[in-house]
Structures are given as C-alpha cells and as structure tokens.
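First, one chain by itself in structure tokens, the form predicted alone.
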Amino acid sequence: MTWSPFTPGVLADPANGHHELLQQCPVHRCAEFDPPFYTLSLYADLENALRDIETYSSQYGQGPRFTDPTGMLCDPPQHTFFRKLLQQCFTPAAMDALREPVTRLAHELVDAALTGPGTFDLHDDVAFPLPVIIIADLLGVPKEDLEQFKHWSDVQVAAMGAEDPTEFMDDQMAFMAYMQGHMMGRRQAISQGEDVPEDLLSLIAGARSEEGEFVPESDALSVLNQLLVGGNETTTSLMTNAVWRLLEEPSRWQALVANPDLAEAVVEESLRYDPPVLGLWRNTTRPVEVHGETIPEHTKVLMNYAAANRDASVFERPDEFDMHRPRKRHMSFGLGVHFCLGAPMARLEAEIMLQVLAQRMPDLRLLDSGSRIAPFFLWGRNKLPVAWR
C-alpha cells in the first residue's frame, strides 16, 4: 500500500489517494507520524465508528496526538455539559439573528475589494476576515486585536499537525495568556453582578457546575480555543474551496449568478467534495477488528471524512463536482454526539458570502488556483487570486 497523507501528490490533492484507500486498503496504518495512527475511509465504517463513542473515544483529543481531556474534546458527560451550554448560540433563531450582520459585513468586504485595481485575493480580502470578525465579536475580542487573533488561530491548527509542535509553544502560551486575561476579566464582572454583553464569552466565563462553582479555567479556555479555531479557520476554507470550484468551471459560476438560491446546494457539494477538515481522530478504548485488521487499544484512528465523501456505494459519480446533486448526508461535519456544533454558522456565512459575490461581482474569474493551507489534515486555499473585471 503506497498511500500516505504526507506524499506530495496527496498533499497537493487529497483526492489522489481516495480510490486506493476505499478499494484496496479500508484500514490503513500510517507509521510516518509519531504516534502512528490508523485510518478508516469507507462511509459505513465511519458511520459505525463515530456512533460508537465507547470504542472510538474523544477523551484524548481529536488531533493526531494524545492530549489531556478538556472542554468539549472529551466524552460525555463533560462533553454533554459544554455542548448543551453552547447549543443555544447555534439555534435557528440565533442564526436568523446573525444573518443581517453577516450580510452587512460581506457587503463591506466586497465594497473594499471593488475599490481596488480589479483583482484581489479572495482568501485575504473576503474569506479570512468575514468569519474571524464574526467569531471574534461573539467572543468579545476588540477589533484592534483581530490580526493577532487570526494569527493565533492559525498557530493552534498548525501545531496540531506539525512534526515538532514545540516550535509553536511561545505563540500558544501568548494566546492562552491573552484569553485567560480576557475571560477572567469577564468572569470577575459576572461574579460582581455587573452587566455584561450577552455573547459566547459571557456564556463560557459564567458557566457553573451543578455545585454552583465556576467551571475550571482549563476547561473554559479549551472551549474558547475550540470555538476560535472552529469558528473561522474551517469556514474560511469552505469559502475558498467553494469559489475555487465554481470559477474553475465558469459555467458553474454563471449558474449561481443566474440563480443565487443555488448557494445552499453549492455549499453542501463543496463540503462533500472539498471538506475543510479532511478528517479527525478518535482513540480506541479496546482492540477492535475491522476488515480483518486489528487496531490495538489506545491507538489514534483517523476518521477520513474526505474519502468517505467519495465512497461510490453512497454517492453516484463521487469524483464529480455536481451542484445539482441530490442531497445525501456527507461526513464533513462528523456524525453523532460530536457533530460540529458550529455547522449552522459555517453554512450561513458561506451561503451569504457566495450570494453577495454573485450579486456584486457577476464577472468574477479565477487568475490561478492559489496555494493550499499547510496542515495535512485540513484542506483549503491560503491564497486564491481572482479578478472581478
């Protein structure tokens, strides 16, 4: 078996390895990473594993390395406590309330791009600032700290997949110190009975256990970190991937221009075809046999969402980008109790961005395919040069 997530061909386009995994090696062991990990790729295998949290646990994180259980990156009941706490911020009513500020911001970003020379970078000028400004506002981060905030977000992701994560230690410590001061200031205001904004930061800072005590600092900071990364990094990639595929075949873009209501279908097909998170890991609590292979206890297992989304037993013509594809459940937000909490917000932001771009820049075209983001388990463009006239 020649597949590896680290080969140049797979890094350049993860789809290059999907057929090999799905047809020849549905259970793959990767010894090139420390610790070594297994990969599951068939849709049915992921469906079974993601629902079986007793065997495939999140207790030691969903990254490729074992981490201490904190916040939502653990199993119930701790995960359930935080998910229930935050769920109220991602309800349909909450998304309806977010629609107007997201739409306004999308227009402001496009306004700025239209003042330029006729070309701009979709990542830098639209796809990056839109979700980071929205999540930063929900977390009470001052606008003047946005660039630093985004840098820290990138650092958290880069460290997860880096060969030597210690090179990011200083930035990670600076981020944790910043968020600790930020959160503790809000917690102090809450404990003193002061009026505080009704945002995610207040919700997390003010969270109390059943005994009435504030939740541990480490858990609260972990949740803030998870919201920071999940609230912008992956949504940025969803936006760049969707526009990239639409402009790659101009007739797709013109179809959206003619019918902006296609934005929802475009987002779903982009999520299936180019998932921003190629996969996340679980941790085996016992030896488990899959397709004749035994995965040992206490082993990291990559749930390969991207490959499962190309499983021909579930999706017809899986290697075609079809914005008219009948809706079927893709794996890009996970499944089961750890289904991505922020999925409604990511969908909302991407749909609005596509509609605004189609309305304001009907002649948008691709200059080149840009370049991909660095972490091997994520998929998006960190540059996407386009022209609007």
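Numbers follow the displayed sequence, beginning with 1. Predicted, not measured: the structure shown is a model, and the values here were computed from it.
One more form of this protein exists, namely the form predicted in complex with a small molecule; it is left out here, but the text below deals with it.
Chemist: Mark residue 338 yes when one of its heavy atoms lies within 4.5 Å of a heavy atom of the small molecule in the predicted bound form, and no otherwise.
Modeler: Because a heavy atom of residue 338 falls inside 4.5 Å of the small molecule in the predicted bound form, the answer is yes.
Chemist: Is residue 153 a contact residue for the small molecule in the predicted bound form, using a 4.5 Å heavy atom cut-off?
Modeler: Because no heavy atom of residue 153 falls inside 4.5 Å of the small molecule in the predicted bound form, the answer is no.
Chemist: Report whether the minimum heavy atom distance between residue 348 and the small molecule in the predicted bound form is within 4.5 Å.
Modeler: No, no contact at 4.5 Å.
Chemist: Should residue 332 be classed as touching the small molecule in the predicted bound form when contacts are defined as heavy atoms within 4.5 Å?
Modeler: Heavy-atom contact with the small molecule at 4.5 Å: present for residue 332.
Chemist: Just one of 83, 298, 107, 99 has a heavy atom within 4.5 angstroms of the small molecule in the predicted bound form, so which one?
Modeler: Of the candidates 83, 298, 107, 99, 83 is the one lying within 4.5 Å of the small molecule in the predicted bound form.
Chemist: By the heavy atom within 4.5 Å rule, which residue out of 130, 220, 136, 72 makes contact with the small molecule in the predicted bound form?
Modeler: Selected residue: 72.
Chemist: With the partner removed from view, which of 312-320, 269-277, 184-192, 212-220 is the stretch that lies within 4.5 Å of the small molecule in the predicted bound form, judged by heavy atom distances?
Modeler: The contacting stretch is 269-277.
Chemist: Looking at the small molecule in the predicted bound form, do all three of 18, 44 and 283 come within 4.5 Å of it through at least one heavy atom?
Modeler: Per the other structure, none of 18, 44 and 283 touch the small molecule.
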